[in-house]
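Okay, here we've got a single chain as structure tokens, the form predicted on its own, with questions on binding and movement later.
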């Protein structure tokens, strides 16, 4: 099996970094959820906190890599001005134009929320450190931001997969 350069970057952007993002999200969510004073001993906190810090940092880094590669490597192929580009093909077909006007708009703009929110979560996790076990409201706010980061990335990923099926960047 061989991949073209475009297929390679699309796979790295979507499946490679997407899989790492999912793993980091699952670990970070579990870590934040279980980081409660009544559930964690001092020793347990020392053991869990570095993993939570690394997990949230990895999620933020992977989210940034994903949107940067998507925006500056994959997306230019999509928006190529030629009449055979995926964007041109979608806009030329009234039945498929919504894939561009809604799907790509989400990917172009709203997907950037994922790395911004994930970075905010990583920063607060590192800033509060062990105090997070005592700060229920901060932890709950982080859980909300973390889930919102995941939701933005998940919707962008779904649109990306569907768009690549409807109009692939060959």
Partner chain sequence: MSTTSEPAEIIVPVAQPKPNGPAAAALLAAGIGSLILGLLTTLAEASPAIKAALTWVAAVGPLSGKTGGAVIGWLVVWVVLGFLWRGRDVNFGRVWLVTLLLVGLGFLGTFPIFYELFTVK
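Positions refer to the first chain, counted from 1. Keep in mind that this is a model prediction, so the values were computed, not measured.
Another form exists, predicted together with its partner chain; not displayed. Remarks below refer to it.
Chemist: Is residue 79 a contact residue for its partner chain in the predicted bound form, using a 4.5 Å heavy atom cut-off?
Modeler: Yes, residue 79 lies within 4.5 Å of its partner chain in the predicted bound form.
Chemist: Quick check on residue 101: any heavy atom within 4.5 Å of its partner chain in the predicted bound form?
Modeler: Yes.
Chemist: Is residue 109 close enough to its partner chain in the predicted bound form to count, meaning some heavy atom within 4.5 Å?
Modeler: Yes, residue 109 is a contact residue.
Chemist: Does residue 148 make contact with its partner chain in the predicted bound form, using a 4.5 Å heavy atom cut-off?
Modeler: Yes, contact at 4.5 Å.
Chemist: Heavy atom within 4.5 Å of its partner chain in the predicted bound form: which of 49, 113, 58, 29 fits that? Just give me the one.
Modeler: Going through each option in turn, the one that passes is 113.
Chemist: When you measure heavy atoms, are 33, 93 and 164 every one within 4.5 angstroms of its partner chain in the predicted bound form?
Modeler: Negative, none of the three is within 4.5 Å.
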